[in-house]
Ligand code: AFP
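A single chain, nothing else alongside it, follows as structure tokens in the form predicted on its own.
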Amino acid sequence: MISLKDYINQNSANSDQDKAIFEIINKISDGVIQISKLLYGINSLDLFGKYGGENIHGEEVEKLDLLANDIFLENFIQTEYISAVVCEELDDIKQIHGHDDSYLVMMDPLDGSSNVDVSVSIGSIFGVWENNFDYSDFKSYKGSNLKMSMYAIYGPNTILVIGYDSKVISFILDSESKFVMLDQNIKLPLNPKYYSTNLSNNKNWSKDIQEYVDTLRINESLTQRYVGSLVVDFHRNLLKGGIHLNPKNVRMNKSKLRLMYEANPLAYIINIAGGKSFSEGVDTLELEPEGIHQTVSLIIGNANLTKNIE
């Protein structure tokens, strides 16, 4: 089986962009390996529990959130191709290098981290844009302008999924801490199996969303599966076929998911794999961002299941 390192070596010389993107993929994968070793290491008990502070969204921060954030930042500093980073653990854009020919990485360093204490699978999410350094006009960082996105799953296995150059590929971490190819061209199955949403929030959804979910519930070809870690629910539906819904809370007029480092990167991957995604009444990738921590609704999955409903 081809290793990620070999795959990078074979493809990074095609263009200047390929060279930069595959170097970024390499640095992200190094960070994922470090986090995997922490999670499955002999001192993993030290990772449990809250840090004591809150992030920009007012959520309690897990110890591992900060560790993961620091690990990726340390890896990003080592490459000239990453000039700035955005994530939920940082209030503002973090400048790393000032190179004009460079990229901006937006990440959720540990998606689903509240599930760590109960041993539920979690992950990391990344989106990569060309960095134009004009942060006063953030609209240029639409999802449709993404150059690459990827995510990792930390579960029974550590999995890396990459969306780049009109292809979605995956790698699995082997016993020697080396990523080897798992799938070289992921496409959504034609017959989806699952729908994923937190039905306990039904009372907070719009009438249209409630009726929409009811049609999914009575669809005999679909079964509900909901983990509560966005990236994990997404990964299962990507491989098996399905739809994930995280609708707006109309009672509070508030959405939960982060456009820039959760919804957009996953929408980019689902689009390549043959699916669709909608947020706030439009195609997720076409939504003009208003800021780095903007929250949105998300309906994402097989094209024949997704509907643009708010």
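All residue numbers refer to positions in the sequence shown, first residue = 1. No experiment lies behind these values; they were computed from the predicted model shown.
There is another form of the same protein, the form predicted in complex with this ligand; it is not shown, and what comes next is about it.
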(message) Is K256 near this ligand? Define near as a heavy atom within 4.5 Å, in the predicted bound form.
(response) yes
(message) Even though the partner isn't displayed, in the predicted bound form is S113 close enough to this ligand, meaning a heavy atom within 4.5 Å?
(response) yes
(message) With a cut-off of 4.5 Å between heavy atoms, is P189 one of the residues that contacts this ligand in the predicted bound form?
(response) no
(message) Taking this ligand as it sits in the predicted bound form, is S229 near enough to touch it, meaning that at least one heavy atom pair lies within 4.5 angstroms?
(response) yes
(message) Within 4.5 Å of this ligand in the predicted bound form - does that hold for a heavy atom of every one of N198, N201 and N246?
(response) yes
(request) Using a 4.5 Å heavy atom cut-off, indicate which stretch of 220 to 228, 92 to 100, 74 to 82, 168 to 176 touches this ligand in the predicted bound form. (result) 220 to 228
(request) Using the arrangement in the predicted bound form, list in sequence order the residues of 1 to 31 with any heavy atom within 4.5 angstroms of this ligand. (result) none
